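A lone chain, given as structure tokens: the form predicted alone.
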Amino acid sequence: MSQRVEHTLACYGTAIAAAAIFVLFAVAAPNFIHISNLLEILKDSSFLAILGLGFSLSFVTAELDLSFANICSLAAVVTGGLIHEEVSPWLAVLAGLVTGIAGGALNGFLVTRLKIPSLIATLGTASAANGLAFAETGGVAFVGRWDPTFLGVARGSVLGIPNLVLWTAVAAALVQFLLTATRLGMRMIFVGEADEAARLAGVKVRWMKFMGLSLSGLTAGFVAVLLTAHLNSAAPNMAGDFLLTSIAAVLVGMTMFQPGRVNVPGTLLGAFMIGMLGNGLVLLGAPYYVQDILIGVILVASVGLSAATLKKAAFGL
């Protein structure tokens, strides 16, 4: 096999596989390529894509955030609870964002100041956030006839393009700009790849890691607002299913375009690929558990490439 072919397969093999799966579903699954269904896939993929982008911001500094889904659920019940009590929607949105960044900042403090491995610290934060969410709601979801302006944040559209898709594009553009065109982003990447060298070069390593984890929390708060507006409800475990799928989107993304590295286009395509799998399998009438099995296979396969990165992020080794 020529070097050019090997390079092409390494960078675009997963993308080619995704295109093949798309064609398979287009042929075999009824109404799969209907424009309304494709827009539905994009909307469903938006939440895990944005959460994946947030996870990327911690992961790029070699820290592993396993709390973002629970923080997202907690921020959602904070937002939904305030909306339910007829507080100003914009104050509720602000509260959701603050809850998210506070959870991320707590992770940053535990990891950078108390020197707790991010795997352990974020699992602890996840458990605490889960408990707080259930305490806030009593285990019962907030549901009601909420302000149409607030609901329109996620349910509306511009020129036929759903707002969720537009928010995803904005989030992706911001993360791409941060990581490729700012000193902060470049230093975060430097710290993730060689923290000791970064320290010797004068980079504030602890601050970069703190920022990565805090931004991951902020992203979780943002998704909480969108999720609450989209579903017109807020439940204490509403984002739980996004943990593995969002991480899978990032890891799948690391197998293409820039193999072994976190990258925004890869994360977006990984999220779409996972959303496409779920949608196509439903249209084919496959049992619900088949998607879970496939997600597990995808996780194991993608981790094979990024095992060293995961080990360093989880344990600092």
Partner chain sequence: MKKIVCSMTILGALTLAAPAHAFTLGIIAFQMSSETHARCANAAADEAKKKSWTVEVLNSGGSLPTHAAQIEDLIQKKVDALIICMGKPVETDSQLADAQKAGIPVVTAVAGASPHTLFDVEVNEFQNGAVAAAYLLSKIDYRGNILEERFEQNVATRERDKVLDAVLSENQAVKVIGVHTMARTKTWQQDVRNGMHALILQNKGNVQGIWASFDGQAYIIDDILQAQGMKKGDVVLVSLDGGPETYRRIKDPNSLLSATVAIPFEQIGQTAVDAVDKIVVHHVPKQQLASGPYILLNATLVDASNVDTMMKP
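We call the rigid core whatever largest set of C-alpha positions still superposes within 1.5 Å between the two forms. Positions refer to the first chain, counted from 1. Model, not experiment: these values are computed from the prediction.
The same protein has a further form, the form predicted in complex with its partner chain, not shown here; the description that follows concerns it.
Undergrad: Want to guess which of 70-78, 207-215, 233-241, 106-114 is within 4.5 Å of its partner chain in the predicted complex, heavy atoms only?
TA: Every other range fails; the passing one is 233-241.
Undergrad: Do Arg183 and its partner chain come within 4.5 Å of each other in the predicted complex, heavy atoms counted?
TA: Close contact is absent here: in the predicted complex, Arg183 is far from its partner chain, nothing within 4.5 Å, heavy atoms only.
Undergrad: Within a 4.5 Å heavy atom cut-off, is Val140 in contact with its partner chain in the predicted complex?
TA: Yes.
Undergrad: Using a 4.5 angstroms cut-off on non-hydrogen atoms, would Ala15 count as touching its partner chain in the predicted complex?
TA: Flag for Ala15 set to no.
Undergrad: So in the predicted complex, is its partner chain close enough to Leu227 to count as touching (4.5 Å, heavy atoms)?
TA: Leu227: contacts its partner chain in the predicted complex.
Undergrad: Within 4.5 Å of its partner chain in the predicted complex, do Ser88, Ile161 and Arg261 each have at least one heavy atom?
TA: No, the whole trio is out of contact, none within 4.5 Å by any heavy atom.
Undergrad: Scan 20-52 and note down the residues that get a heavy atom within 4.5 Å of its partner chain in the predicted complex; none is a fine answer too.
TA: Heavy-atom contacts within 4.5 Å come from Ala20, Leu24, Phe25, Ala28, Asn31, Ser36, Asn37, Glu40, Asp44.
Undergrad: Return yes or no for Gln258: a CA shift of at least 2 Å between this form and the one not shown, with the rigid core superposed?
TA: It does not reach a 2 Å shift.
Undergrad: Superposing on the rigid core, is the Cα displacement of Asn37 between this form and the one not shown 2 Å or more?
TA: Asn37 C-alpha, core-superposed: shift of less than 2 Å.
Undergrad: Ala20: after superposing the rigid core, is there a C-alpha shift of 2 Å or more between this form and the one not shown?
TA: For Ala20, whose C-alpha is compared between this form and the one not shown after core superposition, the shift is less than 2 Å.
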